[in-house]
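Taking the form predicted on its own, here's one chain by itself in structure tokens.
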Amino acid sequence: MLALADAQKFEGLALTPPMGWNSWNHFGCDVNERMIREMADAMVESGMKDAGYVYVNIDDCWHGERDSLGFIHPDPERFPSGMKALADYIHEKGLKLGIYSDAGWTTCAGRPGSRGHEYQDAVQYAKWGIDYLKYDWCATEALNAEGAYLTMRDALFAAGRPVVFSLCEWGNSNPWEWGGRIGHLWRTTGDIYNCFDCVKDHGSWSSWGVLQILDMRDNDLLRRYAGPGHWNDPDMMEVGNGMSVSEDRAHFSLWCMLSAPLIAGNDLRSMGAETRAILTNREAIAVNQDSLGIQGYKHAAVDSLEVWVKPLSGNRFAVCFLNRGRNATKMAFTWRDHCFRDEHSGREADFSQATYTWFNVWDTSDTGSTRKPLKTIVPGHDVLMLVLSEKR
């Protein structure tokens, strides 16, 4: 174990936004070792592993009881082989296993939380071979968020096994201001919902559609805190969980533009070809995984149409035209009338002075140049996503 005096988060992890899968959005509490093994198999067989997805994350409800010494154990009926055997199975496939806990007395589903047991839990996770920890914020009365997450950070470091630390505090205490020295990603919003433009009222709390998540925080403020090893997290994805194909495509594109973690939340075993094509689109993923790690920003908005821009390595830019409305919208974008000037990164593209070629991320045969205005129709709840390269 590492010396407590030297405690810090594990560096060199999540240098690009983490990619993987999580059980909660589709399965909720219905988790067991057979399903997790099948999900790992499907991640490999579907091509998702080859596309960059690596984490297989078990969310809430895996917990059993603590033993007489206070160490947590998995539910013996759901995980009869134990977590170490499951981790070994995942690792043999070239994947990594993630797990879930909570800073409070209980998890959000009422299972044992880590409050008062942080160091014991971290030791247990290390013994099991855990690679990723999502740490929630239920039942945390009287706790200070920064202090609570700092305690678990130090516990993980003391246990000695490198772990990607995901802070799931919902953005209530501005974790972007302090999360970078504690974890590798932090939630900026409440929970997502499998709807493109709606809110689900649960009484004392709500879950949010894709557009509501997009609008919930000041992106110009948040983006200055994101970069290699420290990412804003607008929650896991709902691609393949009931939205239309165009809405799934728009959802995935926006998460790529925002340098958000790409954590799928569907049933990988039964997803159709269209869902698989969205989740494994290499050009979109390349935008998300770009080595500069610059979070995109909204350049312009006219009626239902928004223009999002993300500076990329190699003097390139990703541009995403988002149609927030339900009806198709005609678009005429005259490049020379626009200059992409990002004060945060210092990157600039002046189309009156330089010409860029472009290709369509979702149809790479569709190409063009900024010499001519871009005239097209963007369907409702859909996007046109381009990658621009300066012409030499």
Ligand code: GLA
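All residue numbers refer to positions in the sequence shown, first residue = 1. As the structure is a computational prediction, the values presented were derived from the model and not from experiment.
There is also a form predicted together with the named molecule; it is not shown, and the following applies to it.
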| property | result |
| --- | --- |
| Sole residue of 105, 225, 119, 170 within 4.5 Å of the named molecule in the model of the complex, by heavy atom | 170 |
| One residue of 250, 279, 236, 185 in contact with the named molecule, assessed in the model of the complex (non-hydrogen atom, 4.5 angstroms) | 236 |
| Heavy atom of each of 59, 100 and 109 within 4.5 Å of the named molecule in the model of the complex | yes |
| Segment that reaches the named molecule in the model of the complex - one of 194-202, 129-137, 291-299, 314-322, heavy atoms within 4.5 Å | 129-137 |
| Within 349-374, the residues that have a heavy atom no more than 4.5 Å from the named molecule in the model of the complex | none |
